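In the block that follows, a single chain appears as structure tokens, in the form predicted on its own.
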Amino acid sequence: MALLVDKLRPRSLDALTYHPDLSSRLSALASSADFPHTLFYGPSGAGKKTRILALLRSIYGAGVEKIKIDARVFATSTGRKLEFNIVSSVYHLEITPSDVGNHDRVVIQELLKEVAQTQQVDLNARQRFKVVVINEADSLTRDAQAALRRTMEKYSANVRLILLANSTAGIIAPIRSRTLLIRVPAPTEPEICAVLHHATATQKWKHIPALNERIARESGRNLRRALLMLEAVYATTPDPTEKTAIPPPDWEMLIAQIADDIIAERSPKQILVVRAKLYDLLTHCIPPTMVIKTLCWKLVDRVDAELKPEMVRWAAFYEHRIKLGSKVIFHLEAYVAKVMRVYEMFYAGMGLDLD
């Protein structure tokens, strides 16, 4: 059964109820004869992917929704084989090269070169180029981005790139200068409330404005999260009220437990306990950067004011290490160990016995 966030996903630019000025500009861009390489950036849950799919539908029609998933194998220079999934239609491909870590350059070079050397097969298509959507573009290595820049220059006649990123900070300047930057800001809380009202009306659920306002506030202006929270409330409580508790995601509850474990005991034995929970999060596909950010804020809520900057400082340090390395569990454990050490030293300096 499809989730509410997928069932209610708008399929056209006109159906998007927030940021109407951005939708009108994208509509004009879709009808342009000279469609550029584009870079969509904005916070998670702002609707970047939804707008891109609606844009592709405006360009090519309903054919972009007839997708398939192909498993491809790429070989590195050392002979290592990389398994990689590609979501594609006749008109476009969607890839996430950062899934293969530091070998993303291989995927960029081989796959994009293969796509760029072929022309559009549908003679009735409005545009003669194919579109390649690259997710998590700000997580690409410098080598992969350099390869991407060369592809953009050499094969622009047959392929257009649409890049997705949470921020432009991780994108090299040559790529930023060759793309049209499109910022998708997070929806406001009233806009999220309007979407939640539409969702409850569509599902024939009881409409509770006060509950919707709480969900919009607690979602952090993340529309995807707000819809998931709304569905969780009605799934767990058949007849909710404005004071009904909003259940947090399971992974967030587990991170809260990790924060409590760190505060409760700081020892090698406790690190092993935390390690098992970190592995659980990673095996359920929770991004490691999301884990460390959420853990940081959970710890900030649990420590004294003097320690809060240290929690944030070391979270930023090890988040950077995660992006540079390939074994994310090492850096997550290192953050946990560092937090335990900082916590111990701070209270030892105050002459307090934590036991």
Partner chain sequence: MPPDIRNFFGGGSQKPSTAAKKASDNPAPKKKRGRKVVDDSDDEEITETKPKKAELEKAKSKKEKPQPKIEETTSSEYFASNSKAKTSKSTPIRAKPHENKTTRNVDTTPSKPRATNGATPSSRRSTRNIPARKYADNETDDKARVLDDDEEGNDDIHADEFARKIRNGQDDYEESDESHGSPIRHKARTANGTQKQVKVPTKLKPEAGAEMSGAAGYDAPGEAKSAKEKLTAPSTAGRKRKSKSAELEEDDFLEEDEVPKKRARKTPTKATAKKATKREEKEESKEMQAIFDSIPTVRAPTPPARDPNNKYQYNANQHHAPPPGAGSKVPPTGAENCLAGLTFVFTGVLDTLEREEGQALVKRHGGKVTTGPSSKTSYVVLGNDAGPKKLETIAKLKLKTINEDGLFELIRRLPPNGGDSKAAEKHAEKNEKEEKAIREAAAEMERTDREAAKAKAAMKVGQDGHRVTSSASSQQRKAPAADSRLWTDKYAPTAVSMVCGNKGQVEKLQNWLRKWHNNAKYHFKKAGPDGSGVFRAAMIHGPPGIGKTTAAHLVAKLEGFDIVESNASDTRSKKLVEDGLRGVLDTTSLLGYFSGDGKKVEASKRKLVLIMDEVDGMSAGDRGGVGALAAVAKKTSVPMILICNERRLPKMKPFDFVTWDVPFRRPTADMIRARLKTICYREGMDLPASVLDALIEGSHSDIRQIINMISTTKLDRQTMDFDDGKAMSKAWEKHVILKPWDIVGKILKSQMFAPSSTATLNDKIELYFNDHEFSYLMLQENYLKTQPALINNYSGRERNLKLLEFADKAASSISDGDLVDRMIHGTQQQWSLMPTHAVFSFVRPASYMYGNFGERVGFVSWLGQNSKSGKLSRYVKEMQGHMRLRASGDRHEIRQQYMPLLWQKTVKVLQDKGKEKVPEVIDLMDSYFLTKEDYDAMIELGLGPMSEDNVKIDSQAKATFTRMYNAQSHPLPFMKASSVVAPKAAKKVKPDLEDAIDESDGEELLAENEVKEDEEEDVDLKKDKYIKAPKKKHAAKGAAKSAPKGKKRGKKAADEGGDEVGDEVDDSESEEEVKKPKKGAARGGRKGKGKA
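Residue numbers count along the first chain shown, from 1. Just so you know, these numbers come straight off a predicted model, no measurement behind them.
Below, we turn to the form predicted together with the partner chain, even though it does not appear here.
Proximity to the partner chain in the predicted bound form, taken as a non-hydrogen atom within 4.5 angstroms, holds for one residue of Pro174, Pro240, Pro185, Pro249, which is Pro249. When the partner chain is considered in the predicted bound form, only one residue from Ile263, Leu181, Ala256, Val87 comes within 4.5 Å through any heavy atom, namely Val87.
In the predicted bound form, the partner chain stays beyond 4.5 Å of every heavy atom belonging to Ser27. Among residues of the shown chain, Lys204 is not one whose heavy atoms approach the partner chain to within 4.5 Å in the predicted bound form. Shown alone here, Glu83 lies within 4.5 Å of the partner chain in the predicted bound form, counting heavy atoms only.
Among heavy atoms of Tyr18, none comes within 4.5 Å of the partner chain in the predicted bound form.
Candidate site formed by Arg128, Arg142 and Arg313: none of these residues places a non-hydrogen atom within 4.5 angstroms of the partner chain in the predicted bound form.
You can rule out all but one of 105-113, 193-201, 70-78, 153-161: in the predicted bound form, only 70-78 has residues with a heavy atom within 4.5 Å of the partner chain. Taking a 4.5 Å heavy atom cutoff to the partner chain in the predicted bound form, the contacting residues in 91-108 are Glu94, Ile95, Thr96, Ser98, Asp99.
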